[in-house]
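Taking the form predicted on its own, here's one chain by itself in structure tokens.
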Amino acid sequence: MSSAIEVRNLQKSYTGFGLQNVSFCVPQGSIVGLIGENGAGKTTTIKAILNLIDIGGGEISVLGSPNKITKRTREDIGVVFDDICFHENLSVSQLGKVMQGMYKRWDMALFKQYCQRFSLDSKKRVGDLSKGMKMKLSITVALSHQPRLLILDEATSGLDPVMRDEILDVFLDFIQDEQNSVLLSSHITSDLEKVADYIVFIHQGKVIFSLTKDTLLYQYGILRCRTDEFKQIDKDDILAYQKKDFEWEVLVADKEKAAQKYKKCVIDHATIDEIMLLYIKGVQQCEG
């Protein structure tokens, strides 16, 4: 399977923070969710992929272009950041005409179609739009020059649940031809549970895991037990753990195996949120 994005051993250092050998890929025709707490390195990783910052080491390939996004490649990438950078005095309609002059494959009919679908008033100034409406406008622009790859940083933030659901359906439609791909950074893990094929979790500048969504949702589990039962658990079975109220919560990679091995314990399904929080707030391995 070819990859729309390949990141290998990416390094970038700032004072007090750095990306440390970050590696993952976005397979062609898939949606990859990028998760992690604020300051974990998600936006830095995206900026590195887009060649917006210098990197300290590693290799990045985007749509077959290694380490440098060419002018031709940029035509094939639709980008949405959390902060909107369009000129606020332009109307929605005027913005469409400006973008038409910037992209060779700009589809004005498609732009108008998305504006209508997202209830964007063509006469309204960008500066008068709410944050949610600005986000919908950014997504509209990103889609209207017919990219092969969408790179989205918190693209569903500020949207109500109904509109988020509609946007997610648009992303699913976008990859239906199995040629287009999406990298979606989001704090709303329930959105990723709906649309993502893979999940990449970054914590403190490191990739903790890069797995299929189905592996996380259907194989991972949370084992709940008392202290005496916790002491009997094989350290090799523990991914992360924490003491909560009067019980221990233990993250395991194979809940069916754990259920057979630790029959006195309760095994629950794990959401992506729960998995991420256990890694962040808990201990990632038993101490010797």
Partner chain sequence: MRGLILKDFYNMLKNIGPTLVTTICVGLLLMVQGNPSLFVIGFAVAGGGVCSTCLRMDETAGWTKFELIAPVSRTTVVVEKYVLLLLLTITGLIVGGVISYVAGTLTGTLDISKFIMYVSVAFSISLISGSLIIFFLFKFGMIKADFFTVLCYAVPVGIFVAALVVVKKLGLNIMVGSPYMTITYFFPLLALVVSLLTAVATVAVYHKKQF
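Positions refer to the first chain, counted from 1. None of the values given here were measured: they were computed from a predicted structure.
What comes next is about the form predicted in complex with its partner chain, which is not displayed.
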- [ ] Just one of 93 to 101, 203 to 211, 116 to 124, 166 to 174 has residues with a heavy atom within 4.5 Å of its partner chain in the predicted bound form, so point it out.
- [x] 93 to 101
Task: its partner chain: the contacting residue among R148, K134, K194, R74 in the predicted bound form [heavy atom, 4.5 Å] - done: R74
Task: Interface residue in the predicted bound form among L129, L110, L217, V79, criterion: non-hydrogen atom within 4.5 angstroms of its partner chain - done: V79
- [ ] Answer yes if any heavy atom of V141 is within 4.5 Å of a heavy atom of its partner chain in the predicted bound form; otherwise answer no.
- [x] yes
Task: Contact test in the predicted bound form: N89 vs its partner chain, heavy atoms, 4.5 Å - done: yes
- [ ] Although its partner chain is absent from this view, report whether I188 comes within 4.5 Å of it in the predicted bound form, heavy atoms only.
- [x] no
Open item on the list: Can you tell me whether K261 touches its partner chain? I mean in the predicted bound form, with a 4.5 angstroms heavy atom cut-off.
Closed with: no
TODO: Give a yes or no on whether each residue among K47, I53 and D83 has a heavy atom within 4.5 Å of its partner chain in the predicted bound form.
DONE: yes
